[in-house]
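First, one chain by itself: the form predicted alone, in structure tokens.
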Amino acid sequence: MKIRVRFAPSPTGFLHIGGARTALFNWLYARHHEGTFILRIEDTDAARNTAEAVNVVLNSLRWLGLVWDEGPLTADATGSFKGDCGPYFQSQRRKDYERRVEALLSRGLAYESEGAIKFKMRREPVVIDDLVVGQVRRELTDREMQDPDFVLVRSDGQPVFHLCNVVDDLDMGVTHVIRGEDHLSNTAKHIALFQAFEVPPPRYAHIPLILNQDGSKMSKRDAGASLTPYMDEGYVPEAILNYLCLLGWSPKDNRELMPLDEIVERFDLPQVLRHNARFDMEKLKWMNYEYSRTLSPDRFHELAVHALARAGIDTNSFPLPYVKAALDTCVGKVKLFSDLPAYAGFYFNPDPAIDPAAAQKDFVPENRPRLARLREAFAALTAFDPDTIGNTLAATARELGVKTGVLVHPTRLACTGRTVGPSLYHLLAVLGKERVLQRLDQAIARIG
């Protein structure tokens, strides 16, 4: 049997971290078994769903690298079909739902009630053989025993979640439904519908919920609940994936940092834990830093350039070797890529703003002749590499009878506008002799 799984979010304007984890588990299961990962957008509620909300979901999944395998081909303006497939949209499958409802009505398994169409629910308990939770016997409550039937189509003609969900899974040949444990209460109805359609239901696997650190259920308003801030703040997608896979899944050897290809190789449903997972923001930050400092140079450059671009810094106007050299001085120095514009923006700003508080401390009158002498020493250099720069600054400090820090601090401030940043001698070498001399001139004039 070829594995076919799906992720079926309802677009609400953001992707919940729990939804991202559900998508990841489905994607991992499909990749582990060489199966198919389907993306299906539950957008039948026209009043709530917008194109912008759908794009949030799509862009979030693309950012994570969870690319779906199947969907209808999309046409461009000329009517030609693109090579990439789009997701399935429930709003485009209305006739499929109507056809299935007609079949149930014709067989007496559904009926009209006050303008709506209801399903004749079975009257005996339903046994759910869940791959994570285990065997669950769903007893009908007293209220349900009196009227366990449920609505398939509302009086306004709108098909409901239960119908769309089952018909989609049936038509798309879904073999395994991996979703949050909060959906376990719906599963008896879904199994009954599959049986009414005379089709074996897929295997269900309800994964544990994600809780806050205090054990409360993580709502969309809680810190860390939405994926969007991680994208905006410059987290490494690989770190997010690594952390999410550990929320409810255990590789059994207590390892935490694992490359994605190894996670794919090891992931399977028997290792999914039964108990709910607690979201630990500090652990995620630690994991993100570990990933950011060990990224390949090309991947670090890619994420760094995107972070700078989001802050309005265009690196395309600078030579590529210069950009790469500048970014190399930042490896292991920032915890989030969103910190880069403040940390390294001076490389791409010809006139970086000077920190006023630092200027009061370091741009004092006695430093003017010192910077002028250092500028003279730098101007005489034929080589402008970190070692030569460091040796020259140290020799100038000895000549002036001061400690090297007396020159280091105003020089850093003059060239970067800040008191912290990459290694001074390396950043000066990257800036190059011409830029350094120009910025020293500006600082000397400012002091004067």
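Quick caveat: nothing in here was measured; it's all calculated off a predicted structure. Note that residue numbering follows the sequence shown and begins at 1.
From this point on, the text means the form predicted together with ligand GLU, which you will not see here.
S.K.: Taking 4.5 Å between heavy atoms as the contact cutoff, choose which of F197, Y291, F161, F89 touches ligand GLU in the model of the complex.
M.R.: After the contact test, the surviving option is F161.
S.K.: In the model of the complex, do R21, K217 and S226 all reach within 4.5 Å of ligand GLU through at least one heavy atom apiece?
M.R.: No: no residue has a heavy atom within 4.5 Å of the partner.
S.K.: Would you classify V5 as touching ligand GLU in the model of the complex, given a 4.5 Å non-hydrogen atom cut-off?
M.R.: Looking in the model of the complex, residue contacts with ligand GLU do not include V5, since no heavy atom lies within 4.5 Å.
S.K.: Quick one: is N165 in contact with ligand GLU in the model of the complex, heavy atoms, 4.5 Å cut-off?
M.R.: Flag for N165 set to yes.
S.K.: Heavy atom to heavy atom, is R179 within 4.5 Å of ligand GLU in the model of the complex?
M.R.: Yes, R179 sits close enough to ligand GLU in the model of the complex that at least one of its heavy atoms falls within 4.5 Å.
S.K.: Is S10 close to ligand GLU in the model of the complex, meaning a heavy atom pair under 4.5 Å apart or at it?
M.R.: Close contact exists here: in the model of the complex, S10 approaches ligand GLU to within 4.5 Å, heavy atoms only.
S.K.: Just one stretch in 229-237, 330-338, 122-130, 179-187 has heavy atoms within 4.5 Å of ligand GLU in the model of the complex, so which one is it?
M.R.: Single hit among the candidates: 179-187.
S.K.: Mind listing which residues of 329-345 have a heavy atom within 4.5 Å of ligand GLU in the model of the complex?
M.R.: Nothing in this stretch is in contact.
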